[in-house]
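Next comes just one chain, in structure tokens: the form predicted alone.
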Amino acid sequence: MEYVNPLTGFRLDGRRPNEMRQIRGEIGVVAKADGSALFEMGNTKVIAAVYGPREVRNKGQQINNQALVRCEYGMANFSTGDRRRKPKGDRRSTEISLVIRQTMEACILTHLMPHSQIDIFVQVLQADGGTRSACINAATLALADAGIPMRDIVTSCSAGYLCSTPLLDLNYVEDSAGGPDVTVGILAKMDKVTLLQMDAKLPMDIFENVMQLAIEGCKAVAHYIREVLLEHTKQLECHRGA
């Protein structure tokens, strides 16, 4: 299958190689959570809810000099359509929960909240590639909504290499093609990489191009998330003024 048209240079979904899918974020979608958000990357839709900082329930897990960050990732039964999904608690879900937790710990100022616990719940409502990145972006928005202090917002995006072409923000069809792909998370203002995952080998020069493309995607997401947060702040100010 030709994932990039050799004549037009367009991908199967009509995008250019360096073009992201449409992204959309919404804050405050779970009423009883301290912070929550919905984030969409194309047809991939993820919801995140944050509870805390609150008292540590299991005292054996309490950390004296910083907050305990917990993360639980899951996929809704209907999220993948006819594609076979794995049961809750499978190895992939556990791994993604760990990746999200470690990525968010890099941005949360945990030392300001000792003896406390922050719970992050992420649920994939619809999966069409890039779920890991969408989860991190949703969690960032939810943490901001909860007022959790962060050193910077962390954003994520993926890029792959198909038909000898670096491709930004892979959808499910492209992701399933078996080519190498790179998932990156960055602290945008600090220009610091907090997540780097690659599932296949690439020559160094190609890897650098693919990674740089993913970083540009992360920066675009960061710009959008800041706009969402700014608009949300303006709405809160308007409500207070009213």
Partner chain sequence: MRDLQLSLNQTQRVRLQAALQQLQDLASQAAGSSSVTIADTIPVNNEDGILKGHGTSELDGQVVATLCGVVERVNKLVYVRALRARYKPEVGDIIVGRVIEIAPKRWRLEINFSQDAVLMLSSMNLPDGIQRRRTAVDELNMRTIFEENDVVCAEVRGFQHDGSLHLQARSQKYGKLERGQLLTVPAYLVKRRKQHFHHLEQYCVDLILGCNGFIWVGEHLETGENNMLEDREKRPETSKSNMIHEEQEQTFTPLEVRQHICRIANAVRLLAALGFILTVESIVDTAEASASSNIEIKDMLGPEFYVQTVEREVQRRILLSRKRV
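Positions refer to the first chain, counted from 1. None of these values were measured; they are calculated from a predicted model.
Form predicted together with its partner chain: not shown, discussed below.
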Proximity to its partner chain in the model of the complex (heavy atom, within 4.5 Å), stretch among 207-215, 29-37, 173-181, 194-202 = 29-37
message = Is it the case that C163, even though its partner is missing from this view, gets within 4.5 Å of its partner chain in the model of the complex, heavy atoms only?
response = no
request  = Spell out, yes or no, whether the shortest heavy atom distance between G74 and its partner chain in the model of the complex is within 4.5 Å.
outcome  = no
ask   = Applying a 4.5 Å heavy atom distance criterion, does A127 contact its partner chain in the model of the complex?
value = no
request  = Using a 4.5 Å heavy atom cut-off, state whether S93 contacts its partner chain in the model of the complex.
outcome  = no
inquiry  = Do any residues of 3-23 have a non-hydrogen atom within 4.5 angstroms of its partner chain in the model of the complex? If so, which ones, in sequence order?
reply    = none
